[in-house]
Each structure stands twice: as C-alpha cells, then as structure tokens.
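For reference, the chain that follows is the form predicted on its own, supplied as structure tokens.
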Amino acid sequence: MSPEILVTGGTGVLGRQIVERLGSAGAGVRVMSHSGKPGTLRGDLLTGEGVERAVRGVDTIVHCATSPFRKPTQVDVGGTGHLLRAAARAGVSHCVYISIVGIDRASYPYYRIKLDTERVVEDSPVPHTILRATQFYDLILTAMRFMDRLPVMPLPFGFLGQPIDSGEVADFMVELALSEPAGRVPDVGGPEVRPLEDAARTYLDVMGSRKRIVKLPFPGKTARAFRSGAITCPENRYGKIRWEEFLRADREANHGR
C-alpha cells in the first residue's frame, strides 16, 4: 500500500517539485495551502485552522511551508508547533523538514527563526528528518533580475555562496520522505562555492549584458559570516547542475526573458 504524504508549502518552488516527484513515485499526495487553491487542502499554520483535517490519515509530512516576510515567528515556529501537535494526535509517523545551511553560523534574523523551528521539530514526539540545503538558484536569479533593472548592479563584496538547483533538493527530499526517519542528515549544497560577484558576472554573460558590477562593503557580524563561507558546505557538494547550466536552461525555457 502506498504511503499517504502531506506536503505543506506544496505550491512553492520546492514543494511543487516534491509533489510532482512523489506522485510519479506512486505515493498518495495531498497539498496543504493557506490560500486554499484548487487541488489543495486549506490549512493555516498561523491560526491552526484546517490543520487537523489536513493531517488526518497521513503517514508522512514533508514540511516546506515558510513565511520569511509576514509574521515569520508566528508562522514558522508557532505554525510548526500547531502542525506537529496535530500530527502527533493523528499518529503521523514521520516529518521531513527543509532547513537552510549555516543558520547556526550566521546571525541573520530569518535564520534564527529557522533554527528555532528546527528545535520545534526535534522536540516533537513525531519522528523526524531535517535536511539543510544551501540557497536555491531560483532565489539567486530573482535577486539578479531585480538588480539588473538598475543602472549598475550593486553587490555586497566577498559574500560566498554555494547555491543549488531546487529540483535536485526535491529529489533528495522525496528520497527522505520515502525512507525511515533519520534525524538531521548531512547538509547539501551545489557544485560550486564562489563569490556572489562571480555568479553575477556569469548571469550577465548568459544574458549578453555589459552592465557594470559595483561591489559594496557591508559591515557587521552577519556580513562577516557570509564572507567567511558560513552559508556554504563545500564538503557536501550534492548538486550536479551548475549555475551557468541553470541560467541557460531557464533562458531557453523562457525564450530569452
């Protein structure tokens, strides 16, 4: 009998790909969304409304929902508490949670919230697996497109990153969801560790742009952590798809947008 799996945040960049892959693997999949979009179950992590119904009859939860800009503490930390208390009452046997590499090494506010959410997952009676991944290419591309609208491209000097293709993370998350709980598994990152300005140059080359990059010094503890490679895991280069390959594929798919 195939497992019944609930994906929170299943309409987002990562969650959508996880849903597709789980369906291809023959799992029963349901998606919880606060928006109640067609094909999803309405469940609000902020209030807990609908969560009990969403977890009923579920074997595994893949928890991708997050709210970095709107009430993140209440949604991520408090909402995960709502979700896992309901899951424990429903007899859910596994929660797979996606987190971020370096949240314990860089004092960025959202990272502290993710770290607190990890602790909620770890303290829950529901057996868990936690995977930390580096930043997704999709996020880096969104930032590049925004800065490309400006006369010059301003970038923080010396920030080191190791972004990864979100589809490769989705592959691993599905593997974890279909396996036994494993606690915190090794971090995963992309194939290249490089300064942000190098990634920007590659972006401009692929776009055929001659825009000038302006490197700005950023003071403070968080900036020092980013320059030191706090959000990278060079020992765990899980991803195979390189940034340039991702950019060229995206440009082809979007007709050179």
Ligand SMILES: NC(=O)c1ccc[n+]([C@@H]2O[C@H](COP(=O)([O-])OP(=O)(O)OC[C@H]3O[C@@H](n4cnc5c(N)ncnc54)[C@H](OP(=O)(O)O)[C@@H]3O)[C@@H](O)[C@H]2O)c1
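Start at 1 and count along the sequence shown; that's the residue number. The shown structure was predicted, so the numbers you read here are calculated from the model rather than taken from an experiment.
Keep in mind that the form predicted in complex with this ligand is not shown, yet the notes after this line are about it.
Taken together, the three residues M144, D205 and I231 lack any non-hydrogen atom within 4.5 angstroms of this ligand in the predicted bound form. Heavy atoms within 4.5 Å of this ligand in the predicted bound form are found in exactly one of 109-117, 175-183, 144-152, 83-91, that being 109-117. Interface residue among V77, A170, I100, V121, judged by heavy atoms within 4.5 Å of this ligand in the predicted bound form: I100. Shown alone here, M32 lies within 4.5 Å of this ligand in the predicted bound form, counting heavy atoms only. Interface membership of G43, defined by any non-hydrogen atom within 4.5 Å of this ligand in the predicted bound form, is confirmed.
When contacts are judged by a 4.5 Å heavy atom cut-off, Q162 does not count as touching this ligand in the predicted bound form.
Interface residue remark: G10 is counted as part of the site for this ligand in the predicted bound form, having a heavy atom within 4.5 Å.
In sequence order, A133, T134, Q135, F136, L139 are the residues of 130-148 having a heavy atom within 4.5 Å of this ligand in the predicted bound form; the partner itself is omitted from this view.
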